[in-house]
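Two forms, one chain: they're shown below as structure tokens, one block per form, named structure 1 and structure 2.
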Structure 1
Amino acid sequence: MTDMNPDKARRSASLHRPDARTRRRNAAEKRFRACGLAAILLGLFFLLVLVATILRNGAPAFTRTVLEIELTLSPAQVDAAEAEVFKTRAYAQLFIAALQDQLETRGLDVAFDAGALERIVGQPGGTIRAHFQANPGQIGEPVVFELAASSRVDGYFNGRVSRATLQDSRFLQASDLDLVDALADAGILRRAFNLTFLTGADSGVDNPGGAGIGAALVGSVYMMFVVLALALPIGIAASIHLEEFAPKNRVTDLIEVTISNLAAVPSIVFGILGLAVFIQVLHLPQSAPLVGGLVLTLMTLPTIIISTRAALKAVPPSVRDAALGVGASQMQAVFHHVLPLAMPGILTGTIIGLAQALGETAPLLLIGMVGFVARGYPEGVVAGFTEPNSAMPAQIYTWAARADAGFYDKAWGGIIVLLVFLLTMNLIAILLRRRFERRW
């Protein structure tokens, strides 16, 4: 038997030169890291595409096309208009005369009639008459009116409507675009920030330009108050009992499995439950934030219970043992020591559950919050809970289902508002977590 050369054995087993097996292992690790990095970059790419798509499609909802004109009506003109049978038509004629004067002053000679003006800005006569009736002291003084243009004129300005694709209809005709261009060149027709979108309410199926998400946002806030007032105490109390006080037996095991299964139940099932129990049995008001909040509370409770129990389990057992060792009762150990340490996780789980409930649409379909169109704000705090209203996800769904393309911009804009609301809630969760976080 031939002895191996010692120098050759040392060279082959040198720590400075990895062997073939080590090189394969290192290569596999590099490939795994590269795959992980590629997955992260791919996820970031799709996230950026999604955000860019939402911002691009939703940005037009925050601006609108307005016709701005200064109008001065003398007392004689107002009296003459009020003496007419068709008063709004008389005010519209005064508006047309003032508009023609301003175009001629700017050196633009464009002929138009009342029909073309109505297709561009609706019926200005009613708006002007209502303003001077509410402000009689401004008669004889110059007043600047800012009238919202129609949805198709607004689409012409933001690129959704073009001369090539426009077909003559009762809403807008191709010849009206000459007047639109002239008004834009004169600075009378321009783009402005659409505050109505943030503060207004749904305007019906024929007026996408006047639609707003403000009333639906208020409805969502009322629903979140109901969810917070019910889900937070019930969820925390149930979690503390199951984790700290309940005996470990088959009953508690069955309860834990049931809670875990409820967290995976589709949200529309909770909507059917709310329709059957809260509306058909208890006869609570349909389409009300109160019913919506109750349904979302049932849907959110499993999430809050699971996250709260996880936060309680994360507290070291030594904290409980130390509290019991100095003479504290089990309740004192839980409420004075365990619960404060678990509070950051509890608050984070609660706000995540609320954010999940805020974006749900399916349960609201079953209780009628999509069929009801909110045309205004509630008259009081109690009415905000009991009167029919809408919610942001339901309002977005309603806009997306309408035929007029002008509502698509509103739907994308509503998504932006909803995402800002969700990001704000998550930011609050982070701040609360850092505020109540304790280290041991």
Structure 2
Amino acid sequence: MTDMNPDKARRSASLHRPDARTRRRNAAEKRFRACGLAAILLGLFFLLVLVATILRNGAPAFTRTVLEIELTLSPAQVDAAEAEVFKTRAYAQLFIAALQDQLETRGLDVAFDAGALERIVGQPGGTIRAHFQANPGQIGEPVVFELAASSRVDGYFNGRVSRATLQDSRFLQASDLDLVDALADAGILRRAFNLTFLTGADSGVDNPGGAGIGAALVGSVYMMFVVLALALPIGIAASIHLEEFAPKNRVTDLIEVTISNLAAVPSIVFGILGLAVFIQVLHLPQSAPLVGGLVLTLMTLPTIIISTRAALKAVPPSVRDAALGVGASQMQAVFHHVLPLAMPGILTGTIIGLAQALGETAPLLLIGMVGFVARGYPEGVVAGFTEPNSAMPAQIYTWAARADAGFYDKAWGGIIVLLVFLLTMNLIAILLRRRFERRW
């Protein structure tokens, strides 16, 4: 071999001891590799921070501060209260008496008035009266009431409001916190699971405590029904046409190009489409899950078509050939043999497309499915499709955009609910793939 290296001194050095240039090159190699690893770790770190933030901030939404008190009203007390002009106030006074009783038996002496109590638990009289009117048989028996505390008290319990930051207002005063502390020490005021958050509807702007994601969740579920009912059959039909029957011509090319382009069109453009076509031209009801579902169907269709085609392509040609060989028509070969074999892959792709649709917000805002529309549950199964409602992500957006910080907890909590749904759907997709996927 010709000696290519003019540097004689380097040749004489031992191969076991790297020279300066080799060391430099090896160091560069190590740096490069470390950069790569650092990039991945940084990405994973972001993921971890995101998940931790969601869990830490969202957890308070699932609990609320309740004032738990056992109340025994004798029939005479009830009759006396019913005889008064201000009935609920009479009940409230009975409640205050009972509370004082309980505090005394626990040996706690705190002075409080009706005003302070009202700032902490609202007006309990109505709740108590309604309960006894609905269950007259419980008069005279001990009944345990769980009364939701106001959102400021809630904030005090989960650290959003502290004595230092609290400004006296008609909502809560610094002096009330002594009573709150005493009640908490007595175990009367405590954190409890907040079912209202999961089953309730959106509340007014000044009542973050009563806000729930239930109605929006129902809206989301209705939309997913629409998407599933439309996107799955249409997606399968379109994919079968493109994969099995379409002739190689310009029309087919056009369809393929539009599908790959639609997959990359920003979601908000689909919202504009929904507004202009479904609402302005076709006069479908505004804010309805039906319209939302239609928009999301158009949006997810490209994703579903792409994955369905991949699933169809994965079925080996020998299956088709065998079917055709024993006399099946092309249609029969596809519908009786190829499609069933591709079904697990198709369902996996569809579920992932649905999950994508479930988390989409922007197009829903344009067709009017904003959070404050979700004021209650639909009145019937059919009405659920056409009555104004919201969806989980839009509800979260509405909460995040409100001024009261009490809604931020709800928004994070809503994200946990949303992510639980997404996680479940993705898990089902993974299980389907694991269970039914065939390698040919």
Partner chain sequence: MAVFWLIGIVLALAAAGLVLGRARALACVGGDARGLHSRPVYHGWTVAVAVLGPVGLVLTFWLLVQPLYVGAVVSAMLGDSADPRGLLLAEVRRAAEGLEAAVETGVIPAALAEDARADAAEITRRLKAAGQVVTSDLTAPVLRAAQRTLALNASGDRAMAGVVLAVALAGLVLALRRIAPAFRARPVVERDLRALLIAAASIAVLTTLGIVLSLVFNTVGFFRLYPAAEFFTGLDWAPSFSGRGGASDLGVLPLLWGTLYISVVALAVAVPIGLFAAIYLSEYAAPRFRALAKPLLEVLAGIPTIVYGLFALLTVGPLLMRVFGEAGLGWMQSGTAVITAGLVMGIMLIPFVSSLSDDIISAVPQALRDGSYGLGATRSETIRQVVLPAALPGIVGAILLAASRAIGETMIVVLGAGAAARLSLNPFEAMTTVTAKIVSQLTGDADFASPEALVAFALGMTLFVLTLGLNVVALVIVRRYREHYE
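Throughout, residue numbering runs from 1 along the sequence of structure 1. Just so we're on the same page, rigid core means the largest C-alpha set that superposes within 1.5 Å between forms. Just so it is clear, the structure is predicted and the values come from calculations on it, not from any experiment.
The form predicted alone appears here as structure 1. Remark: with the core as the superposition reference, the CA shift of T53 between the two structures stays below 2 Å. After superposition on the rigid core, the Cα atom of H337 is displaced by 2 Å or more between the two structures. Superposition of the core reveals a Cα shift of less than 2 Å for A229 between the two structures. Relative to the superposed rigid core, R21 shifts its CA by 11.4 Å between the two structures.
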